[in-house]
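Next comes just one chain, in structure tokens: the form predicted alone.
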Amino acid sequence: MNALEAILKRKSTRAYGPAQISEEALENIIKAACAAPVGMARYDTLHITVVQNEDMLARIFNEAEEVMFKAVGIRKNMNFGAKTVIIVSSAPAYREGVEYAHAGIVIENMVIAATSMGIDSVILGGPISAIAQNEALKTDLGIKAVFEPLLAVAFGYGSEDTPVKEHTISVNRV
């Protein structure tokens, strides 16, 4: 599958089967992350945490559900059954907000690479709030104090075949 096909085929999957992605696939996803274009080549400002431990995944998603409930009064389980979650964290960037762009680019590279290998994904924000608000969880995940978790993505094999949605963004040409 070429890059454009992977981009067009990628979708958010919210129900996963029990199979874990292979170590080779995980390594390729991480290689794709490390190939992301980062401003001023400041790769040292980024950190990737791979979580495959089932107890830790449950802890993250339980915390995320509690944070959501406290914030909006709604219980929402964001654990869709994926066996791998990758968290992208960043130290403060050279210009405010740039770290979010870097994290987004890293995540996009990972999900496109995963799609090209037949692996499904969903980008997650909810668990990030839980990790950021819980120093013990952040510590247990091995995320050093200088880094702030910004985005996460779950990877696995979808248990249901959901169609790719077509999206439109307004465009003007000058």
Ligand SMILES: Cc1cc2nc3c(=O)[nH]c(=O)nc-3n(C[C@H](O)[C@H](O)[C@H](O)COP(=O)(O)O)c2cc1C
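Each residue number is its position in the shown sequence, starting from 1. Remember, it's a predicted structure, so these values are computed and weren't measured experimentally.
Not on display, but discussed next: the form predicted in complex with the named molecule.
> Is there a heavy atom of S159 lying 4.5 Å or less from a heavy atom of the named molecule in the model of the complex?
Contact check for S159: no, nothing within 4.5 Å of the named molecule in the model of the complex.
> Wondering, does R173 line up within 4.5 Å of the named molecule in the model of the complex on heavy atoms?
Heavy-atom contact with the named molecule at 4.5 Å: absent for R173.
> Would Q20 show up as a contact with the named molecule in the model of the complex if we use heavy atoms at 4.5 Å?
Q20: no, not in contact with the named molecule in the model of the complex.
> Can I123 be called a contact residue for the named molecule in the model of the complex at 4.5 Å between heavy atoms?
Within the cut-off, so yes.
> Which one, 33 to 41, 115 to 123, 48 to 56, 134 to 142, holds residues whose non-hydrogen atoms are within 4.5 Å of the named molecule in the model of the complex?
Comparing against the named molecule in the model of the complex, the contact stretch is 115 to 123.
> Just to make sure I understand: among 8 to 45, which residues lie within 4.5 Å of the named molecule in the model of the complex, judging by heavy atoms?
Contacts from 8 to 45: R10, K11, S12, R14.
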